[in-house]
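What follows is one chain in structure tokens, specifically the form predicted on its own.
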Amino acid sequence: MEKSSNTRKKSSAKAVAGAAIRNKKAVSKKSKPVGSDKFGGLSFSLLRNMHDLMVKSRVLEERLIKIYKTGDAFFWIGAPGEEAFGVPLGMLAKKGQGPLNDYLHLHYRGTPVLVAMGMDPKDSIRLIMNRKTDPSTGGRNFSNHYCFPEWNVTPVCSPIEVQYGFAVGTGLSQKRHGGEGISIITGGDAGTAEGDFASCLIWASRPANPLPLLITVQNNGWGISTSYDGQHGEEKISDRGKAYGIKSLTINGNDPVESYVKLKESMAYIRKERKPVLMEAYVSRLYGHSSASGANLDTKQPDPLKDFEKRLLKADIIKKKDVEELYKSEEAKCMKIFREVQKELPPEASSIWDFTYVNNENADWRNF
């Protein structure tokens, strides 16, 4: 009897161990990065295009930093290290004007998104150098504070995370108008402490009227100089969406293949169901918060561009010679643009009130 009992115990223990092994394998399989073997089923031409855009964005951003460091700009803030998430987002956005297309509510790390959408690097350089030819602000705002109405790119604002509230408005418009247009928001991990973020989750998830919002958080682990670890009680920022019944996920934003696949899936869901998705993406911050913290390269952080290049080179999807020529070509292009923009003029003092009031009513303080 005792032997039989021991046999049952051993059999039970073996079953538990077997289940544990199966669960471990399942977890391992589930957590395996998308595209680690066959690039998520993406075509080689798409992968090469994605790499080209990542290089263009990185070279442009590094030129902006050099422009600041040579005294040709007052301030720099940007997105080196976020190309693996921003470029796929820009590639997948439905570009155009009006509610049938996607609205983009970006923060000041949106250069990769706009490069992928086709932004002329000259417009970015004009912006940081405060030239009146700058199409986004007329030379009146910081670097990376873009605005392209023809692409539904709403003005980037310096106040932290206000874009999450703005997106509720465009999301409501798109829900009423119909179609497949969605509103896309990007922001940082520290900004999720703002009330605008919580308000966005509330408005996006109301059972009677959910909104077609792609709510993204690029988590680089820092809020200026404050570490993420000491500020968040939740395990993942995406966990906060679960309380509102919002479809939520966390991805490796340093992997452009995983970013592309997960963004494509999420955007397809929002376009069809007209419901929100909260996506947290782990990304790197390669040059610090901004020029205020020195804008120096942090070699301890993963470089998504270099890591992607290694994968593509190993798979013989790109050639080392072609990559070297691409960098040289883009660097020469950005240097040429910089020299051209140096000759352009800043905005006139008389234009300071332009676009402040509708039709410039009461725009001249001398007449107040």
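In this text, residue numbers run from 1 along the sequence as written. This is a predicted model, so every value here is computed, not measured.
What comes next is about the form predicted in complex with a small molecule, which does not appear here.
| task | With the small molecule left out here, work out from 103-111, 133-141, 239-247, 252-260 which stretch has heavy atoms within 4.5 Å of it in the model of the complex. | result | So the stretch in question is 103-111.
| Selected contact from 181, 188, 210, 121, since only one has a non-hydrogen atom within 4.5 angstroms of the small molecule in the model of the complex | Only one listed residue qualifies here, and that residue is 188.
| query | So which of 220, 266, 174, 216 gets a non-hydrogen atom within 4.5 Å of the small molecule in the model of the complex? | reply | Flagged contact: 220.
| query | According to a 4.5 angstroms non-hydrogen atom cut-off, is residue 289 in contact with the small molecule in the model of the complex? | reply | Yes, residue 289 sits close enough to the small molecule in the model of the complex that at least one of its heavy atoms falls within 4.5 Å.
| residue 158, heavy atom within 4.5 angstroms of the small molecule in the model of the complex | Residue-level check for residue 158: yes, a contact with the small molecule.
| query | Is residue 202 one of the residues lying within 4.5 Å of the small molecule in the model of the complex, judged by heavy atom distances? | reply | It does not: once the small molecule is placed as it appears in the model of the complex, residue 202 has no heavy atom within 4.5 Å of it.
| field | Distance check, residue 194 to the small molecule in the model of the complex, heavy atom within 4.5 Å | value | Yes, residue 194 sits close enough to the small molecule in the model of the complex that at least one of its heavy atoms falls within 4.5 Å.
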